[in-house]
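The chain below stands alone and is given in structure tokens; this is the form predicted on its own.
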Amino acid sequence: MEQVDILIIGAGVVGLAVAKELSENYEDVVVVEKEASFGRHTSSRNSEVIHSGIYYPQHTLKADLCVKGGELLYYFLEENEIPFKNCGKLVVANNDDELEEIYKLKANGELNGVEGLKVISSSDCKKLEPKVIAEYALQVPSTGIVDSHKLMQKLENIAEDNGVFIVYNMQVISIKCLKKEYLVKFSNGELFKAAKVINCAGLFSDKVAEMVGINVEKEDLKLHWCKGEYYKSSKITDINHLIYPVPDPKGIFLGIHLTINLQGEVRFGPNAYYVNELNYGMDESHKSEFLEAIQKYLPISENEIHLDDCGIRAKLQKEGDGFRDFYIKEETQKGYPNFINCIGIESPGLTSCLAIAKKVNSLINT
């Protein structure tokens, strides 16, 4: 039986960021991951966008950790020579109602501490992005893109250099709370005793919380999986900014937007719909939805977009519900001291990962 001080469950971008952060303060840190390598789910199946923080309600974790996390992330990327581009984005408006919404986004972003926001006219939009249809746009200079794989690789490398032991193909199947530690059992029969457990299990973080004894239904911590698909286009070129519509009024997602990767290639997405199974299969059943959304801000035909990839997000927000924040909490009040849950870490989780790690570090009882 292994005896460890801190056990982190999950090696997505948040788990690796937490491992890197804690390795600077603690000597005995172990990360376990049920997959064969890091970031196999949400962390590698997203838009790779560094968000600014304009969308989230003031004083929420999503707002505060996004703004702080973006600053930390840009510094970390530059310091460690990880590929990124601070390209900025345009949230486009094509009628008076949408113009009103982007002014609301601007005001909200400014309350959250986002700098440099500016509503620009059609002529200014054309100067920045000649191919984009926009009567007005909210210019967001702090948005960017990042190579998420290389980010996770660097976080893993730093953590391991600091003495963190990362074990793949280690699936947790039970957690028992003892008086001052946790007995964690794995599918291969191994047992660990850990003084502190950090739940960064992403799509499965509610199941891990359930294992220790938390009633996720009663505590409203059950996750709801939301699938998002992406289309790509080799016909659209010379786009320099990310292009976003006014966000979905239900708050489920930010709308089908245009992103570019570090090679300048264009893709669109994601859409959003709730699913009950972990299935990354795709077909073209939602293609018309994509075309309708894209054609509002970019002239494009059906044969110019093709299936690319998809991802699944772990949402605390049920279908039809309003905004739900990240859940990041040390669970002494529930009877589980030094068990820290990170549940519902969807967007802007990638942007916020380093700030989330500092938050987790602050919650540990030494």
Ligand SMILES: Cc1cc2nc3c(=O)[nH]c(=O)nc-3n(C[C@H](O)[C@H](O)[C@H](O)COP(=O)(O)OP(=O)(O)OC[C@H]3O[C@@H](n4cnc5c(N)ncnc54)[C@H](O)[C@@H]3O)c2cc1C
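Residues carry their position along the shown sequence, with the first being 1. If you're wondering where the values come from, they're calculated on a predicted model, not measured in any experiment.
A second form of this protein, the form predicted together with the ligand, is not displayed here; the remarks below concern that form.
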{"item": "Contact residue in the model of the complex, from 240, 171, 162, 122 (heavy atom within 4.5 Å of the ligand)", "value": "171"}
{"item": "Answer range among 333-341, 35-43, 294-302, 317-325 for contact with the ligand, defined in the model of the complex as heavy atoms within 4.5 Å", "value": "35-43"}
{"item": "4.5 Å heavy atom contact, residue 90 and the ligand in the model of the complex", "value": "no"}
{"item": "The ligand contact in the model of the complex: residue 19, any heavy atom under 4.5 Å", "value": "no"}
{"item": "In the model of the complex, residue 313 touching the ligand (heavy atom, 4.5 Å)", "value": "yes"}
{"item": "Distance check, residue 192 to the ligand in the model of the complex, heavy atom within 4.5 Å", "value": "no"}
{"item": "Residues in 1-29 with any heavy atom within 4.5 Å of the ligand in the model of the complex", "value": "9, 10, 11, 12, 13, 14, 15"}
